[in-house]
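Take a look at this one chain, the form predicted on its own, written out in C-alpha cells.
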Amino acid sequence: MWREGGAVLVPVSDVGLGDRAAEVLRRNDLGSMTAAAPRLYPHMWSWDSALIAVGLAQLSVPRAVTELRTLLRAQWSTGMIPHIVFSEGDGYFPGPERWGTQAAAAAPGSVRTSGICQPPVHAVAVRRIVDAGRRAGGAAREEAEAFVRDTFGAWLAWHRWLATARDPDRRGLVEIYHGWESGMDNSPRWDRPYAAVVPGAELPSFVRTDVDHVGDAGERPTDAEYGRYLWLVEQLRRVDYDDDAARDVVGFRVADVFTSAILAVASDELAVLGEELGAGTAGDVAELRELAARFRAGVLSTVSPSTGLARDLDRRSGEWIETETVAGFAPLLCGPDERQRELFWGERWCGHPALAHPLPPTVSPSDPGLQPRAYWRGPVWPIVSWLFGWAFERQGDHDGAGRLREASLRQLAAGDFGEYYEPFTGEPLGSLHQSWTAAVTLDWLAQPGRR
C-alpha cells in the first residue's frame, strides 16, 4: 500500500473485475475481430485491436493471434495498416462508401478499409502475446512464436512504410495527414493545423451517428470539426490515397511526436523479437534498430527548452505546436528522462491535487483550456495510462509502473470500462464497455508485480 492525497490506500479488490473485463471482450467479439465498442464503434480499429490483443492474450493466446491476423489481412500493398477494418455491420459514419478506398491501387481487394493509419503499437502487442504464450507453455507458446515468424515481414513492411512515406526527409518524425491518424482525434494539439483546413463547397453532406451513442454531445467533436475531418478524407480520396500525391494536396500535415515515439519503441521491440526467434534477417533487425534510433532522436529534437515537453511540428507553416498535452511526454515512452519524470508526477500533471486519481489527463489540469468531459481535450484515457505504465516497466521503473497500475485499477473498479474518464470526478465518459479499456484492465491484473 502507499499514500495518495494524504490517505493510506489499500490495493483495489480484484474480485470480479477480471471476469467483467473478460465478459466485455466476449460480448464485443465478432468472430475473428473485436468491435472496439458495442454501439459507437462496431468495427475494428488498428491501434484498438493491438491493445485488445494484449488483453485477449491473458485469456487465449490463439484468440489474440487471430485478432492480429485479421488486422494484417487488411494491410495495404505499401505496408500501411489502415485505421479501420470494416465488419459486416453498419451504423457507423464515415463508413466504407465515404472512404472509397476501392479505387486505391494499394488497397486490399477483399477487405473494406479506411485510407489512413493509426499509431504503430502492434509490435508491443506481439511482444505481450509471446510473453503470455511462454507463461502458458506448450501449444500456446508454439503458436505465439510461430505467429512472429509468419508475420515478421508484414510488421517490418508497416514500419518501413511509416519511415519512408511518412518521414521522407528522414527527420525521425512521422507525418500525419489527419488528426485521426494520431489516435488523439480532436486534441488541442491539432487546433491550429485544423484551423487552416477550409472545407470546399463541394464537400458532400453528412449525417453523423456518433452523437447518438453518448449521453452528452459535448463529449464529442463539434459538427464544424467533423466538416474539417471529412474534407481531409475527401482530399485523400480524390488522389486515390497515393502517398506522394497526398503529401502535396492534403490540408493537414503535422509531424506527430507521440506517434514517432511509439514507432521508436515498437521498432526496438520488433528487433528483439526478430533476434529471439530468428525471424527476418540480420539486416532486417539492424534496419529496425536504425529506425528506433532515428525516431528516438527525432522525438528528443522536439523538446522545448523552456517547458521540457516535446512538441509537434506543423509542416505546413513550419511552426512548433506548443500546446501542453500528454503527448508532450513522448520522450518518456522512448527511455528514462528525469526532467520529464518530475513533470509527469508533478502538480501540473499526475500530482495535481484536484485529480480523482493520480493519472495523466490528456491536457494539463492546470491549463485553463482543459475541457474535462471533451474526448481528447482533458479526460483521462486508460489506454494512455497503460502505454506509460508499459514504458516505465520496460525501463525498469517498477515504482512508476506500479503507481499507474494501481491508480488505474481504482479508476476502473466499478467495471464500466469507459472510453475515457472525467479527471476530477472519475466519472466514465464516452462509450462504455470499451474493448481496449477492458483489455488493458486484464493486462494490469495479470502483472506479477501488483502490490
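In this text, residue numbers run from 1 along the sequence as written. On a predicted model such as this, the values are computed, not experimentally measured, just so you know.
Keep in mind the form predicted together with a small molecule is missing from the figure; the text below concerns it.
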Q. Is it true that 83, 376 and 419 each have at least one non-hydrogen atom within 4.5 Å of the small molecule in the model of the complex?
A. yes
**Q.** Which of 409 to 417, 43 to 51, 395 to 403, 61 to 69 lines the interface with the small molecule in the model of the complex (heavy atom within 4.5 Å)
**A.** 43 to 51
Q | Single option in 180, 76, 252, 161 placed near the small molecule in the model of the complex, where near means a heavy atom within 4.5 Å | A | 180
Q | Selected contact from 323, 340, 118, 101, since only one has a non-hydrogen atom within 4.5 angstroms of the small molecule in the model of the complex | A | 118
Q. According to a 4.5 angstroms non-hydrogen atom cut-off, is residue 36 in contact with the small molecule in the model of the complex?
A. yes
Q. Taking 4.5 angstroms as the cut-off for heavy atoms, does residue 226 touch the small molecule in the model of the complex?
A. yes
Q: Indicate whether the small molecule has at least one heavy atom within 4.5 Å of a heavy atom of residue 92 in the model of the complex.
A: yes
Q.
Since only the chain is shown here, I'm wondering whether residue 434 would be in contact with the small molecule in the model of the complex (any heavy atom pair within 4.5 Å).
A. yes
